[in-house]
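In structure tokens, one chain follows: the form predicted on its own.
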Amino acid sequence: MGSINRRHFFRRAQHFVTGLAGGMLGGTLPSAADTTLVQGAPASGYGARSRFETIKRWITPSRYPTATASWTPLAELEGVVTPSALHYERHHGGVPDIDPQAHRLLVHGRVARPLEFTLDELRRFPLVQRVCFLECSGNGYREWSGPGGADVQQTHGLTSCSEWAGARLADVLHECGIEPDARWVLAEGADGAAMTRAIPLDKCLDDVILAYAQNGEALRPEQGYPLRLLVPGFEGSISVKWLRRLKLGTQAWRTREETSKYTDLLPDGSAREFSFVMEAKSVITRPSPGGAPLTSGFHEIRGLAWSGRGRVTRVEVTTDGGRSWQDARLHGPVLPICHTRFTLPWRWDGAATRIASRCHDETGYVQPTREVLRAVRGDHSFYHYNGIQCWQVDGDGRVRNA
């Protein structure tokens, strides 16, 4: 009886669909001849994006192709996770081609047991993973002296956000036995520049990851394959790529990257050094320079906010040049030391105006203006620019850096 009822049901359903099509669609269902079918390509071993998708990173012009940077096209992306192929890059000596089977990580210095680890041995440590942004300390450097970058990619594109996975650095250091007087860790890469940065030991024992995976797969060569440091919240150069050596010591080594580089001269003649943390920052990505001119009417303002000290708690947006500010919507989950997407509905009346965003983080820090930064840091800073970014919307709908 059950099978007879099912057959009866399907016959009635078929008559219903046919009748619905005849009554509401003009008589008959469309045939295969009414549409154009395209024979698909066979499956591939590794996927590729559509040929119609053409967004790319902008590469800083340089006389030295192996010592340059590529910038993430923030205005073209959705969500908060940056595709690995569009993650920003900063190289000091090019991208080395490293055999993971031959690669080793040496841990020595102020440890009881100097040890050398293979990649397979590091994978035996407990897995940790987190979504976290990285930002070059030079991100936005053109804005110190006034409007610099032509679009949001050139002003803020040296930041990206990924899911990283690997072993806790603390677990590996404890395996070697940390000497009581150890205070700093020197990290060295296997690139042509032998990039080296010193990191406070307390930070290394907190949340630093020996990362071998990004966005679900092995690191890409440009991101440090087969092994890199991930130092959440600190300037990007601290997260040394192609990591080959960690040396524990009693004080910082003051290498080239900590004296002539990654240091700013202050107005009183002193040097601002070891300025690790990337402070709260935000930028409106749409509308922004480089996009299509606006038409009057409704728009949704979209942007990104982040802080190296923790979670973003609030983002304010002005659409009248700073006379008033409105709270934007934060799209969850809002994670610590992670890009956070914000949006605000806006009806543009066609009059010229200026728009900007202002980020607050969980420590109470509020993103400052460029004028406030310059009053403290002077005229010779290059790194750690996090001033409020203002876009000019002209009467013809064009958006430019203000």
Partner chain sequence: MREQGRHYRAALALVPVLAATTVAGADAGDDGRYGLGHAAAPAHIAAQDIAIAPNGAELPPGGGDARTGAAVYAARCAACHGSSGREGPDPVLVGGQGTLASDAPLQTIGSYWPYATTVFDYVRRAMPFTAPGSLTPDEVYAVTAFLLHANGIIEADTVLDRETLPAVVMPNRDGFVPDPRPDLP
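Residue numbers count along the first chain shown, from 1. Everything numeric here is computed off the predicted structure, so don't read it as measured data.
From this point on, the text means the form predicted together with its partner chain, which you will not see here.
Chemist: May I ask you to choose, among G297, P267, G146, P293, the residue with a heavy atom within 4.5 Å of its partner chain in the model of the complex?
Modeler: Looking at the other structure, the residue within range turns out to be P267.
Chemist: Its partner chain isn't shown here, but in the model of the complex which of L330, A182, L186, L205 has a heavy atom within 4.5 Å of it?
Modeler: For this set of options, the contacting one is L186.
Chemist: Just to confirm the contact call: exactly one of 316-324, 153-161, 282-290, 194-202 touches its partner chain in the model of the complex at a 4.5 Å heavy atom cutoff, so which is it?
Modeler: Of the stretches listed, the one contacting the partner is 194-202.
Chemist: Indicate whether V334 is a 4.5 Å heavy atom neighbour of its partner chain in the model of the complex.
Modeler: No, V334 is distant from the partner.
Chemist: Tell me, yes or no, whether C338 is in contact with its partner chain in the model of the complex, where a contact means a heavy atom of each within 4.5 Å.
Modeler: Heavy-atom contact with its partner chain at 4.5 Å: absent for C338.
Chemist: Taking heavy atoms and a 4.5 Å cut-off, does K247 contact its partner chain in the model of the complex?
Modeler: Yes, K247 is a contact residue.
Chemist: Residue-level question: is R309 within 4.5 Å of its partner chain in the model of the complex, judged on heavy atoms?
Modeler: R309: contacts its partner chain in the model of the complex.
Chemist: Mind listing which residues of 356-390 have a heavy atom within 4.5 Å of its partner chain in the model of the complex?
Modeler: Contacting residues: Y365, P368, V372, L373, V376, R377, H380, H384.
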